[in-house]
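First, one chain by itself in structure tokens, the form predicted alone.
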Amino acid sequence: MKRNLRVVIARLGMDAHWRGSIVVARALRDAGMEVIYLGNQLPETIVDAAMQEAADIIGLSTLSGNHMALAPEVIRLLREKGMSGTPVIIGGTIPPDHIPKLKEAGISEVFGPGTPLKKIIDFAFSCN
């Protein structure tokens, strides 16, 4: 029996916003994915949770501008721990000129404010 996609979702660092990450987490859950919601976490904890939960995808949420430091750190730690094949997506308020840099660092996709939930769901399923 094939298990559902398992997605670990976290807000990067001490980012105070929560609404977008909760909306996306619920949409992924309603689409049939198993969602492990971590709330605010630092890269080490996010990667440890992804390993423990055998995550298929990691979703990061940011609004505070910490994404250029913390998201690449998540990628670095995944590579260091042998999970470089785990896709990492990020959502939030991200300046357009940061998107190519994030993708170059290894982020699979970036979703800005107003992205249709179906687009995020479809992308997550395409990672399987």
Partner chain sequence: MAILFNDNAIKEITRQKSQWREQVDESEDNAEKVFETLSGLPVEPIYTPADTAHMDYLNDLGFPGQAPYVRGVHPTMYRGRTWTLRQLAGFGPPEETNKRYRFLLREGATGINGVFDYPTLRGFDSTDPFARADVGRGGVAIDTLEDMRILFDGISIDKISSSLVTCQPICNITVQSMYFANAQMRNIPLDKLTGTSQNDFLMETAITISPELLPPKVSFKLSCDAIEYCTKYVPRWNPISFAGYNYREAGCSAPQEVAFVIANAIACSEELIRRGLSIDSFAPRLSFFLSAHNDFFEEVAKYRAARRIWFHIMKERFGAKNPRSLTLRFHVQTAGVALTAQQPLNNIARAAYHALSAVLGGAQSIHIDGYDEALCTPTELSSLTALRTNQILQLETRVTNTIDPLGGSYFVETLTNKMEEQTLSLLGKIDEMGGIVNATETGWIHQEISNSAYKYQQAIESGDMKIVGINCYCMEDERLPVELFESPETLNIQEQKLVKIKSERNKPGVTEALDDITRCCEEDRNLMEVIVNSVKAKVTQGEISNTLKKFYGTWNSPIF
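Source: prediction; values computed, not measured. Residue numbers count along the first chain shown, from 1.
Keep in mind that the form predicted together with the partner chain is missing from the display, and what follows is about it.
Looking at residue 25, you'd find a heavy atom of it within 4.5 angstroms of the partner chain in the predicted bound form. Although the partner is absent here, residue 29 is a contact residue: one of its heavy atoms lies within 4.5 angstroms of the partner chain in the predicted bound form. Using a 4.5 angstroms limit between non-hydrogen atoms, residue 49 is distant from the partner chain in the predicted bound form. Among heavy atoms of residue 42, some come within 4.5 Å of the partner chain in the predicted bound form. Each of 13, 16 and 70 is positioned with at least one heavy atom within 4.5 Å of the partner chain in the predicted bound form.
Shown without its partner, this chain lists 89, 55, 35, 75 as candidates; in the predicted bound form, only 35 has a non-hydrogen atom within 4.5 angstroms of the partner chain. Of the residues in 42 to 66, those that come within 4.5 Å of the partner chain in the predicted bound form through at least one heavy atom are, in sequence order, 42, 63, 64, 65, 66.
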